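In the form predicted on its own, a lone chain appears below as structure tokens.
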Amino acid sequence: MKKDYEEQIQKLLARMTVEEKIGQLQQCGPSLVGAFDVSFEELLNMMFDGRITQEEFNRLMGTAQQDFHEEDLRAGKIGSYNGIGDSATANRLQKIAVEETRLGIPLLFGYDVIHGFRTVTPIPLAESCAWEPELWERTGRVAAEEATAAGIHMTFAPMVDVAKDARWGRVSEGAGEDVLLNGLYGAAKVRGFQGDDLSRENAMAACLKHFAAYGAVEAGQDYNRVDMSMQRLWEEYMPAYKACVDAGARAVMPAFNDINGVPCTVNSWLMRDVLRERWGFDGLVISDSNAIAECVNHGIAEDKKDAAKQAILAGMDMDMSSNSYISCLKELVESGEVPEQILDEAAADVLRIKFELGLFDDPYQTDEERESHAMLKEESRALAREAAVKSIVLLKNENKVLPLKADAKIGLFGSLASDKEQMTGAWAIGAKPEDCVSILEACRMRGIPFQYSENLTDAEKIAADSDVLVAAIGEMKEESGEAASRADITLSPEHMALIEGLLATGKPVVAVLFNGRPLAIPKLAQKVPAIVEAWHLGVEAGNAVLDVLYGDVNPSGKLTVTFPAAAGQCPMYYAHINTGRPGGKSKFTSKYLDAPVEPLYPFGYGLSYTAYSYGDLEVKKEDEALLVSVSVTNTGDRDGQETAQCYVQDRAAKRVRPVRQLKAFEKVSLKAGETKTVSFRIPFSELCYYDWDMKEVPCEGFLKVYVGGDCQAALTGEICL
């Protein structure tokens, strides 16, 4: 069938004018026009800068209308739209493309379906804490079923940017700081989004992002530079992207950042040498929003025309929103600066994904009836609740404050306990606040005896009538995500004041954290007896939190990011290398004078309402792999799930290696008192690394193996390879 595509693509290209080919490379979004005198982008900036209020912004937006550039569409100048998420609009524009343009080439609709469409599931960082690829795939499937019903053909996800700096806002969009986890997460999402046949009406093309190393931006500052060795790039960042390519992702989005001085948007080494030649990718490469034009700001292009030339020569197929191609490519092709063959290759990549999606056979793959029936199904909400429960990480439970007794009277505090809109987190643009369940609403639905206050008003009275006080604190959803880097990742003074006031009542306090990144919370960890990391959990947030607080579900989440004790420790991550003077008690070691050496909560960490022990570690080798086995015992009185994690350390190599690297894990269900044997098989090829000359070399000599419930696992073994 693919051969048929290629023949049809070539026949179609032979009929197309240069302008029509360029039109296929143009992805635009609807422009907002209305009763305001500045651009929509400037209007947004005015709100974010505080020059106008949220209310004033909403009032002005109430007068706005969307301009879909239909005349450009009829002229063959648009091949794709971004940001259209309803079937009626999609079909109306598709009808113009199919029936009113010269060649009738269907449109491709893209959308940011990052963690669910209408049924919003936990943010990716939260869901990664489930350590469950099968779950990640199932939530991706639900997202695809809803999004395709709304007319969407491609999602700009998964994001698999390994993120080791908690200050970076977009840490919320990926699977945390580990390259293995990001690769497994991304591959699962690709399978979930795309299904087993991309031409089916409920299959959505996955666009992996951001290629490459966007999570390594300097100082955790969004859009910043990335400067690192090739060895580190290939070992710690690139494997996650390759895992998505190997899983069949049909689109790739290069990152905003540069790598060692060359912006990814115009980086031919990334797009042609690595992605196309080395990895064999034959899908669509699309820029991030306005990224081509921004190469002028980077200082690598003289103007938009130069940026367009560099981008397409480097292998960028489609221009998202910058209008660089539609404005400049015709002149570049006619002058010979861009060979028409290069233009043909880019247009072919766009046409190919449209053929694969079945758009030439059926451009109208949905309608309003299908859309209405697809959203917020009972089984979809049930899955969202399951994902939310599995994403929750129990950070502290002193004196077994949790789980709460069934008849416990609750004092509930904090605006986040009632604000339904805040439950979704960043990049949940298909969500509606009324879809979400807050803690407050969940308490009412369960008939739990509780009293509520947003602040300390009536705190003493409420405390006197309560058995336990629950404080919903953390971050607003706008405080994480894109363009939400933070130099200070501590709790706000208002939230800490709330905690101090509740502690002063003498009643036990449970802190429920809603946030999109790791937070530096040493005072909270010291003073509060119970801390539940709830992240931003999506539409079923309130129900999921109560499921854990009351012990209906035994928490099993494990952190996929390190929690530092202070923002100044960032970037802080488990897979660091040792210096000649590793951090310790002695003065002349690698550490800060005013912060501990160890993190507040380590990677892989998470408590349960039961306890687990590890024993009988056995490490041996076969011809092609390392074999590790361990017994895991539930030593408590409740059934539960434990994620056993296997780490390795190459003690003496040609280049210094990380103190520990995650190489395998397994989530195992254990009844109270039960013991199971968990086995890991780690191919020797996964222990290789790059030497100074970028030659891949095997791990040789003594290898240390660690197995346990987090990255500080004490159960160790050693083997000579």
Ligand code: NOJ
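Remember, predicted model here, so these are calculated numbers, not experimental data. Don't overthink the numbering: it's just position in the shown sequence, from 1.
In what follows, reference is made to the form predicted together with the named molecule, a form of this protein that is not presented.
At a distance threshold of 4.5 angstroms between non-hydrogen atoms, Arg170 is in contact with the named molecule in the predicted complex. Taking non-hydrogen atoms only, Met320 approaches the named molecule to within 4.5 angstroms in the predicted complex.
Contact annotation for Asp288: at least one heavy atom lies within 4.5 Å of the named molecule in the predicted complex.
When contacts are judged by a 4.5 Å heavy atom cut-off, Met253 counts as touching the named molecule in the predicted complex.
Checking 140 to 148, 415 to 423, 209 to 217, 356 to 364 against the named molecule in the predicted complex, the stretch whose residues place heavy atoms within 4.5 Å of it is 209 to 217. Of the listed positions (Glu500, Asp303, Glu334, Glu482), a single one reaches within 4.5 angstroms of the named molecule by any non-hydrogen atom in the predicted complex, namely Glu482.
Between the options Trp131, Tyr601, Trp427, Phe514, the residue in contact with the named molecule in the predicted complex by a heavy atom within 4.5 angstroms is Trp427. Residues Thr562, Tyr605 and Asp710 are none of them found to lie within 4.5 Å of the named molecule in the predicted complex, as judged by heavy atom distances. Contacts between 80 to 99 and the named molecule, taken as any heavy atom within 4.5 Å in the predicted complex, involve only Asn82.
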